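The data below hold one chain only, encoded as structure tokens and taken in the form predicted alone.
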């Protein structure tokens, strides 16, 4: 079925279904949960095929489990979220029997465009909010993970009527048609470059958008932080999914006198975590040759401009496939491409600092990051958090803040707009419809506030114009 035809059918079905009661929403969430649980091994196999190498642990921990957590959290909290939000009428209307409240109404049909790095989590997490809010959903998964996208399309069609949820696979032509549709809301996760294209297309139909983008997320090792402990956490986060994570640590600020120790510790931890790196059975491949060549280009450019590039000994041999080693890169400068673009891979620039003010100034003159990581207990961490703006902040650990369903997740500026997860996702995909119900007393008549206006009306206006 064509994209435009499906949208028309979903909109009609949505209107016929109003109001969307709690049982219908819970049933849809339960079906999504069953889909993932019943076919988790199929998804593991599909993602292994798409990546060439991706472990079961990464797919379960980073794609399937977060998706299930989001869906179950929405299901378990839905009754509370759906309650009307009572507000106070302007004095003295409340005393005269008037009432005011906010109804959380579904928007209609939500379009979701998902990326390739976490192709399940970035579908089912926003889907949980969209379904909880009572919407119908159309999904365009990434063409760079064809096996996973096709499996998603097939299974969604088995578990949902196409008037409820539908998936459209294909390349750029399908994506271009998809973003031109007059959805009631459009949700996109991916690069800022594509985000701008999507926002322009959505503007033609005045479609509200949520953009979950990325950017260069800094890590700050505070003066009191233990270097070995910091290295363990940094390497685990940076090498997860081969660094192909929008909230991965992009570069690291380290006290100048601790830079040599950090370089050594990072390389040591990388070998400890992935001891069989020559075959790298536990390590994730870069998604395709294009991304591999992009990352290798960053390394070559950095070397040309004077950077020191180091890799673990077990990964010293240059490989011809898409397994790319962890790179520790020091002596970096702003003219290097890896310091200008989001890295999105296992390359880690190190930046020595002498004062906290240097860090704050560096972050603030650049596009706002999606995440800011602070390692250590030094009060300077709070100073950095308060004097900079990022999509989110995490202390002493990486990535876990994204998995907190009771916290909003989203960027700011170049790293995105809008929030989702948990209640914030429910609100993103809901229309907050204000409702006012007048009481039994005709307040406007009592105030003489209809033409011809009387002295009580003029006295009321005079009173309200006071400071």
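The structure presented is a predicted model; accordingly, all values stated were derived computationally and were not measured. Positions refer to the first chain, counted from 1.
What follows is about the form predicted together with a small molecule, which we do not show.
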query = Of these, 236, 194, 309, 147, which has a heavy atom no more than 4.5 Å from the small molecule in the predicted complex?
reply = 194
task = With the small molecule left out of view, choose which of 270, 74, 242, 122 has a non-hydrogen atom within 4.5 angstroms of it in the predicted complex.
result = 122
request  = Heavy atoms, 4.5 Å, the small molecule in the predicted complex: which of 299-307, 195-203, 391-399, 156-164 makes the cut? Say which one.
outcome  = 195-203
ask   = Does the small molecule get within 4.5 angstroms of any non-hydrogen atom of residue 142 in the predicted complex?
value = yes
inquiry  = Does any part of residue 172 reach within 4.5 Å of the small molecule in the predicted complex? Heavy atoms only, please.
reply    = yes
message = When the contact criterion is heavy atoms within 4.5 Å, does residue 370 count as touching the small molecule in the predicted complex?
response = yes
inquiry  = Taking the small molecule as it sits in the predicted complex, is residue 246 in contact with it (heavy atom to heavy atom, 4.5 Å or less)?
reply    = yes
ask   = Taking 109, 183 and 426 as the candidate spot, are all three within 4.5 angstroms of the small molecule in the predicted complex by heavy atoms?
value = no
